[in-house]
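In structure tokens, the next block holds one chain alone, the form predicted on its own.
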Amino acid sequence: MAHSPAPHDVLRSFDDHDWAEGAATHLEHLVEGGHVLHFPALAFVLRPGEERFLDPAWSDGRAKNISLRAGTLRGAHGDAAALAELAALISRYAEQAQALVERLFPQYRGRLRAGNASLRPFDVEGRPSSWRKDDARLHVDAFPSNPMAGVRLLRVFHNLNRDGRPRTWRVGEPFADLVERMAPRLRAPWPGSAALLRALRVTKSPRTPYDHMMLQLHDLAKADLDYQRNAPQAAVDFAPGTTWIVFSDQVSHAVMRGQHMMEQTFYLDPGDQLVPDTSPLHVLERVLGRPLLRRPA
């Protein structure tokens, strides 16, 4: 099994300057091992006139992201010509992120599925939020309405800030340590609850026991202020022009400061990993001593 890094040792930096070509490749073992892959010289270059889209005024105010989903722009408002330019900007980032992950992770070629690409124009600080939605608290990503059934969340981030401001994260303890810490407080779902949540359209598909446990990990960590203060953690600054990649369902993280960020999500089945045993699904099953997904007979 891959070694899980301590928070102070989580970053692995590479000097690549090009999204499609570079020395870094075959990095599956690092990202699956809980490292954050850090590319301080890998810039996403805006074209003339595109800087204007960094203004939060382009948001429709209903979401924190302006996203491109299956070719459709969501979360933005403006005239048709400007929105077409904005969609082209996000699409270009998605294409470059795709080229990057195919180069870095040859094991995943043909297996990664692209999700949303987005521009996040708002300042992290000062946005009102409930404790459960407060991403300034350490957490692993899990979604109440969108069960993942063990599928991994690989994310490519880029700090696009034009004012010299870093994107500041806190990175927490290894996933296995988080699970061991929270295991006594994890509870199995009520019988029939997955079908009820689906019937009430709370979830888009049945919530698996895996998703139930991941949501508990997310909520238990965020609700525990002592954990937020005293858990092993380290601060990491991502300077403007920096790209970083992480399995956000595995690396405990909190977003403390920053504005203007690009992001592309990819989905990967655990069985398509280089080392499937490092996935949150397998770690949870190992610690809890029971299966969390139905396997084909």
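Model, not experiment: these values are computed from the prediction. Don't overthink the numbering: it's just position in the shown sequence, from 1.
Here the subject shifts to the form predicted in complex with a small molecule, a form of this protein not shown in this document.
Relative to the small molecule in the predicted bound form, residues Arg120, Val255 and Met261 are all within 4.5 Å by at least one heavy atom. Among heavy atoms of His139, some come within 4.5 Å of the small molecule in the predicted bound form. In the predicted bound form, the small molecule sits within 4.5 Å of a heavy atom belonging to Arg167. With a 4.5 Å cutoff on heavy atoms, Asp224 does not count as touching the small molecule in the predicted bound form; it lies far away. Residues with any non-hydrogen atom within 4.5 angstroms of the small molecule in the predicted bound form fall in just one of 92 to 100, 73 to 81, 131 to 139, 198 to 206: 131 to 139.
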